[in-house]
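Single chain ahead, written as structure tokens, the form predicted alone.
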């Protein structure tokens, strides 16, 4: 592997991280990573109608109510962020 190959791979990775926030980087905290995963999951549930219908039947709710609930859960999927240390 040559130095130019490593530079090319790193630049591609940086481009992906800039384009897609959920791909993460070295400085992403555990909380931020969990929030990204939860939001991606809820967005997938809302975006795929058969999956949304499955959740609605399983929870005995209307599809519109389930969609609304998932959208509300996207605001704070993992609760409030932890306090930052001021070291």
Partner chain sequence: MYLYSLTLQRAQGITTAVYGNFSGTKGAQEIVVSRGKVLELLRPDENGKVQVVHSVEVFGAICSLVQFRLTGAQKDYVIVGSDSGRIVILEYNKEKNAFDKIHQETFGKSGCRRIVPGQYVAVDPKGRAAMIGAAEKQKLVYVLNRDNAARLTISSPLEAHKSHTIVFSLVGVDCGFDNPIFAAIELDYADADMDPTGQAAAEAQKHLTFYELDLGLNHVVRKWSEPVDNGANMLVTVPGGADGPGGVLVCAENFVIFKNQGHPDVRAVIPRRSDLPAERGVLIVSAAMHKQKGLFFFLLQTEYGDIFKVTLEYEQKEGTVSELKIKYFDTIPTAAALCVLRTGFLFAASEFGNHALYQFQGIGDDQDVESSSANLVETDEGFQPVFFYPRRLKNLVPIDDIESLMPIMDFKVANFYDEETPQIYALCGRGNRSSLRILRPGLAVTEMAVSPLPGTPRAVWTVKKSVTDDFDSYIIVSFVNATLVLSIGETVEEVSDSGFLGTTPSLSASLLGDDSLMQIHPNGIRHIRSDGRINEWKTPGRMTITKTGYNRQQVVIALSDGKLIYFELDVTGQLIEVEQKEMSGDVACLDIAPVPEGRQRSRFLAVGSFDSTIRILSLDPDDCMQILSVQALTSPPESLLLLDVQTGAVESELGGTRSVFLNAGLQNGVLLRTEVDMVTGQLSDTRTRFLGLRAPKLFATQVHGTRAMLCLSSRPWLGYTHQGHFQLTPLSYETLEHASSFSSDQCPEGVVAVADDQLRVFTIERLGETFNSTAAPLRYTPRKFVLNPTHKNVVVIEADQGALTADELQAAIKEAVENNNEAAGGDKMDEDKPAEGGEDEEKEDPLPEEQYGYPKATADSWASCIRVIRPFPEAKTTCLLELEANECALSLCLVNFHDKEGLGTLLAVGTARDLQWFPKRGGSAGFIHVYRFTDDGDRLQLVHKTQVDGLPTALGSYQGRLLAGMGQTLRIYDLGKKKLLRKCENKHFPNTIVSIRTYGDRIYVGDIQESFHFVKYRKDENQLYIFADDVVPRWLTCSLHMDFDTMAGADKFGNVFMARLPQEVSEEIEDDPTGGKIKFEAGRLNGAPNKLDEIIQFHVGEVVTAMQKAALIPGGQEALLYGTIMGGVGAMLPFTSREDVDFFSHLEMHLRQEHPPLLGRDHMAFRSAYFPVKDVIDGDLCEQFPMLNAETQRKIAEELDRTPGEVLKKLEDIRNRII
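Numbering follows the first chain given and starts at 1. Predicted model, so just to flag it, every value in this text is computed and none were measured. Just so we're on the same page, rigid core means the largest C-alpha set that superposes within 1.5 Å between forms.
One more form of this protein, predicted in complex with its partner chain, exists but is not displayed; see below.
Of the heavy atoms in residue 48, some are within 4.5 Å of its partner chain in the predicted complex. The closest heavy atom approach of residue 56 to its partner chain in the predicted complex falls within 4.5 Å. Contact annotation for residue 11: none of its heavy atoms lies within 4.5 Å of its partner chain in the predicted complex. Residue 29 falls outside the set of residues with a heavy atom inside 4.5 Å of its partner chain in the predicted complex. Residues of 24-44 that come within 4.5 Å of its partner chain in the predicted complex, judged by any heavy atom, are 31, 35, 36, 39, 40, 43, 44 in sequence order.
The rigid-core alignment places the CA of residue 65 less than 2 Å apart between this form and the one not shown. Comparing the forms between this form and the one not shown, the C-alpha position of residue 75 differs by less than 2 angstroms, with the core used for superposition.
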